[in-house]
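Given as structure tokens, the chain that follows is alone and in the form predicted alone.
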């Protein structure tokens, strides 16, 4: 698993802030098969990271509270996902496509569409 904080695993340097926050999110979301935008103190973020780890998925996690432009990215994620700014994270991208917040990830998991989506993105092989 790739994380930006040592408490969750290996460290990824924060990308140099360039351009529009939405463009930056799109670039970051395309980095790997599963990308999670998170805040290190958020319990729902922890839950979604645990879900993917438990499934054997190795997501790239961007902890926005460790990014100098994290608040900008949170606002852009809220606009993209349709969430209120106070509930902007976690946000999950699979295969570079927005899946959404915890509720959509869990709904996909429960209805059986999450695993095929992860396989299609190359995040799961079995």
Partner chain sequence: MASQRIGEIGLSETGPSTHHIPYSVYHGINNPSTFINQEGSAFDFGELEEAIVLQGANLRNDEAKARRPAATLDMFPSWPIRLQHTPRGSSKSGGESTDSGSGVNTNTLSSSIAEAQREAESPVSAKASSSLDHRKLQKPMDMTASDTSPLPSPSQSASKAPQDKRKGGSTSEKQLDAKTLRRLAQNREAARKSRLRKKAYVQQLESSRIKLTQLEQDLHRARSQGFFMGACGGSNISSGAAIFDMEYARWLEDDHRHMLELRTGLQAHLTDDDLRVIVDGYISHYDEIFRLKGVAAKSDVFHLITGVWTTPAERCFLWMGGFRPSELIKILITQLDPLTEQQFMGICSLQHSSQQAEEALSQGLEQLQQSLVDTVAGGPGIEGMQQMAVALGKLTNLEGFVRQADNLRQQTLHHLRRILTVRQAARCFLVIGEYYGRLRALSSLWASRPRENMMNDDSSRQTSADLQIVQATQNHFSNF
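Positions refer to the first chain, counted from 1. Note that the structure is predicted; figures quoted are calculated from it, not measured.
Another form, the form predicted together with its partner chain, is not on view; read the next lines as being about it.
Interface segment, criterion being heavy atoms within 4.5 Å of its partner chain in the predicted complex, picked from 91 to 99, 28 to 36, 76 to 84, 50 to 58:
Among the candidates, contact is made by 50 to 58.
I'd like to know if residue 46 sits close to its partner chain in the predicted complex, meaning any non-hydrogen atom pair within 4.5 angstroms.
Contact with its partner chain, yes.
Taking heavy atoms only, is residue 109 within 4.5 angstroms of its partner chain in the predicted complex?
Looking in the predicted complex, residue contacts with its partner chain include residue 109, since a heavy atom lies within 4.5 Å.
Does its partner chain come within 4.5 Å of any heavy atom of residue 23 in the predicted complex?
No, residue 23 sits far enough from its partner chain in the predicted complex that none of its heavy atoms falls within 4.5 Å.
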